[in-house]
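Before any questions on binding or motion, here is one chain by itself as structure tokens, the form predicted on its own.
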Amino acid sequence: MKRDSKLSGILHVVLHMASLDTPVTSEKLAAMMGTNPVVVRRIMAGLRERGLVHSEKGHGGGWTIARDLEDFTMADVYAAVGAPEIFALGHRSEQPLCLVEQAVNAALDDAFAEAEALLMSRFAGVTLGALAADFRQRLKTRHQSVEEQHHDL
């Protein structure tokens, strides 16, 4: 089953961007994410609309972080990338006539709603600043520099 990795990918590149002093082009971000620059621009547009990133066109242009990472949570980024479906599981039929299937759907709906609420609560509790701090701590533990981690930029 193919998983939607858009959230993970954009969190990855945003944290790289946050540790850089220069703009990053859509082409470089696309290379990091293994996708097309057009896809990156579409995803980044959602982040720009919410004020997390800024873009400049032309020579020396690219994407930069626009606000303090403590002002944004994983839930904000999730919303900015279009709030993709969390679960690949679903109902066999959305409007079943069978009473057994109706009971199954009701139980699944309750479980899905509870799991989604828990996940969104967790996303809302993690700021991008906390993720950046975790990254910096991991760098210290490995005795690496930020530059060594940006080899793919």
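These numbers were taken from a predicted model, which means no experiment stands behind them. Note that residue numbering follows the sequence shown and begins at 1.
From this point on, the text means the form predicted in complex with the DNA, which you will not see here.
Engineer: Identify, from the list S121, N36, S93, Q102, the residue with a heavy atom within 4.5 Å of the DNA in the predicted bound form.
Structural biologist: Partner contact (heavy atom, 4.5 Å) among the options: N36.
Engineer: Would G51 count as touching the DNA in the predicted bound form under a 4.5 Å heavy atom rule?
Structural biologist: G51 lies outside the contact set for the DNA.
Engineer: Report whether the minimum heavy atom distance between S26 and the DNA in the predicted bound form is within 4.5 Å.
Structural biologist: Yes, S26 sits close enough to the DNA in the predicted bound form that at least one of its heavy atoms falls within 4.5 Å.
Engineer: Can you check whether E56 is within 4.5 Å of the DNA in the predicted bound form, heavy atom basis?
Structural biologist: Yes, contact at 4.5 Å.
Engineer: Looking in the predicted bound form, any heavy atom of G125 within 4.5 Å of the DNA?
Structural biologist: So G125 does not count as contacting the DNA.
Engineer: Pick the stretch from 110 to 118, 26 to 34, 94 to 102, 65 to 73 whose residues have a heavy atom within 4.5 Å of the DNA in the predicted bound form.
Structural biologist: Checking each option against the 4.5 Å cut-off leaves 26 to 34.
Engineer: Is any part of 100 to 129 within 4.5 angstroms of the DNA in the predicted bound form by a non-hydrogen atom, and which residues would that be?
Structural biologist: Stretch hits: zero.
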